[in-house]
Structures are given as structure tokens and as C-alpha cells.
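Take a look at this single chain in C-alpha cells; it is the form predicted alone.
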Amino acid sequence: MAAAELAVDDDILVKAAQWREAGRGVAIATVTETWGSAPRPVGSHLVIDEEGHFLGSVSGGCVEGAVVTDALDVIADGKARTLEFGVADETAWQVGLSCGGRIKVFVERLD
């Protein structure tokens, strides 16, 4: 996996379009809901290409690693999905949401 670069949302969407135009498989992950302590607001984006390169941010820590992994599946099978991370989830500590937050992230393939 390549390191994420910080960028404004317009840059992220431009990069997604460039990757797609270059023939790469691309997915976009968007924060659709937050509750409590969440590092990124609703509407934040992370774009991922089929090689695991990514740009943007939907949370931080291990959440983004999990989103990238799921995004690769979305690119492969074309099936959009909603991912949920939060303190009620047994993986909360593993994904870095141990301080009381919950987020929902929608991941879809760009065609």
C-alpha cells in the first residue's frame, strides 16, 4: 500500500478521475455518517486504485487500512458497500476508534 497524501477534496476527486482515465480500477470511499469523536467530517473522501495507491482521508489509523482493503474488493467485484466502525464493534480498538466515535463509510467503484 502506498502512503496517503493530504489533499483537499477537489484534488482527491481530480486524482480519481485521472486514475480512471488512465484505465485504472478506482474506488471512492465517502464518510456518510459520524457519531461522537470522529476524526473526519461527513463528506470526506478517500480514493483508491487497483494497486492500493490512495489519496485523501476518511478517518485515520487502521480504519483507512481496512477501507483500502475493502475498496480493493469493491474494485474487483463492483459491489458497493457500507462499512461501519465504532466502539460497539469488537474491532474498535484495532481500527483506532477507542475514544468513543463511530463512522459509516460508503465505498463504490468508479466506472
Partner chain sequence: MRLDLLKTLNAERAARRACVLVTNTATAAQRLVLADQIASDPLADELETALRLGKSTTVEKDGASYFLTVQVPPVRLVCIGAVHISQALAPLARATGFDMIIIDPRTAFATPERFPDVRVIAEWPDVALPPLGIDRYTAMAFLTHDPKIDDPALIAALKADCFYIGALGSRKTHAKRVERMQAEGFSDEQIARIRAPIGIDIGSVSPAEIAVSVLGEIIMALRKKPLRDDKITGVKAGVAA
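Numbering follows the first chain given and starts at 1. Just so it is clear, the structure is predicted and the values come from calculations on it, not from any experiment.
Not on display, but discussed next: the form predicted together with its partner chain.
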**Asked** So which of 55, 28, 68, 75 gets a non-hydrogen atom within 4.5 Å of its partner chain in the predicted bound form?
**Response** 28
**Partner proximity in the predicted bound form: residue 32 to its partner chain, non-hydrogen atom cutoff 4.5 Å** = yes
**Message:** Using a 4.5 angstroms cut-off on non-hydrogen atoms, would residue 102 count as touching its partner chain in the predicted bound form?
**Reply:** no
**Prompt:** Heavy atom to heavy atom, is residue 40 within 4.5 Å of its partner chain in the predicted bound form?
**Reply:** no
**Prompt:** Within a 4.5 Å heavy atom cut-off, is residue 62 in contact with its partner chain in the predicted bound form?
**Reply:** no
**Asked** Listed by sequence position, which residues of 55-80 have a non-hydrogen atom within 4.5 angstroms of its partner chain in the predicted bound form?
**Response** 80
